[in-house]
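One chain follows as structure tokens, the form predicted alone.
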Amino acid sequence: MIILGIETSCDETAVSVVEARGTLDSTHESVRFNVRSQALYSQVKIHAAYGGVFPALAKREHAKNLVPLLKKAVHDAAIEQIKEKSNFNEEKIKKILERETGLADMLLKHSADIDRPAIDAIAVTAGPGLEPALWVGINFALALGEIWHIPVYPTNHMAGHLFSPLITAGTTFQFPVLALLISGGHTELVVAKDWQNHKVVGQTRDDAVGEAFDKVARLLNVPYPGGPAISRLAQEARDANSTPQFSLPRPMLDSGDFAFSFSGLKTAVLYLLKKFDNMTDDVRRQVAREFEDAVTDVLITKTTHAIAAYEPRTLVIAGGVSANAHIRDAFEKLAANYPDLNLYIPPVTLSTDNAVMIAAAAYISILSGAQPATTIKAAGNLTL
């Protein structure tokens, strides 16, 4: 099956073509993915001036970039093109895209230049995410499905992260699976008993871990996005053997459950910085290191408790924050203590938001019996 993936949940506009095969039955060939193309436009530089993602701006940028990315993804995929002209109602396309400024005109203008690729399905993120941004991708997918007469499948963004390690792993999950999904908008521990039976057993009560990185970065006067900047400063401190002369709290470390809280940690950084007359580069490096260590300690401890409680055979660490080298290293060391536990972390290129994981999650959903949709609602707070 060849699937076109579309992702617009936040500030990454992405279109991909993924060839998927295999089954969910472990006695037969397990699922395999061949990424035929991946076109992505990051809006990070645009939103940097705001210190975070500005939803209305993200929506506008998605509408401006989807058609060029579609053309690139289809071209780069180098798959068979169906030459016969598609018959569709232009007025219906305009109606579907009426709230996405300029997108209908752009798509209709270029529809003749984009021969329908021999794809079997379109997968689009339906949530969670920023609803104005989600709507652009959803309406684009529905319009494209109408033009090309291809079924459209709404897909859960977090399921995309959950299954993202399979794209390059060349293997399958052994259930039960314990997944720690960490990103700018989410921090949650998920237990999966099978491919479609997921339960969130713990999540943040306030800030997501990626959100905390961004907020602390602003306190340290380092650029957005905060995660890479703090990671870089923290590593500089480690390389220089610059040990912090202070400590930050490890929130809810012994709460007895799997919930997280990072808002208080950010506040602790704020009060810590008030103790310094001026913020030198060394202070920044030490605070960044202690903050990253505190976050890592919390994530490792909570996950360790969850491993003891649920006895998983597979541990998945995914989401944008899984790109953090210190956190990845900590989980690799943790997994080494469990010889029978398979650890999966997606490569950095697939840890942040992308359309490849959306296509992969859709394929697993299709194998599980999902049906295409003719109407899709953006669900900003969609859960697994």
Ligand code: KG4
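Start at 1 and count along the sequence shown; that's the residue number. None of the values given here were measured: they were computed from a predicted structure.
The next section is about a form of this same protein that is not shown, the form predicted together with this ligand.
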Contact with this ligand in the model of the complex, heavy atom within 4.5 Å, among P154, G185, G137, P165 goes to G185
Any idea which of 59 to 67, 323 to 331, 31 to 39, 336 to 344 reaches within 4.5 Å of this ligand in the model of the complex, heavy atoms considered? 323 to 331
Within 4.5 Å, heavy atoms only: does G227 come near this ligand in the model of the complex? yes
According to a 4.5 angstroms non-hydrogen atom cut-off, is E100 in contact with this ligand in the model of the complex? no
Even though the partner isn't displayed, in the model of the complex is P132 close enough to this ligand, meaning a heavy atom within 4.5 Å? no
Applying a 4.5 Å heavy atom distance criterion, does F213 contact this ligand in the model of the complex? yes
Residues within 4.5 Å of this ligand in the model of the complex, restricted to 345 to 377 and counted by heavy atom: S351, T352, D353
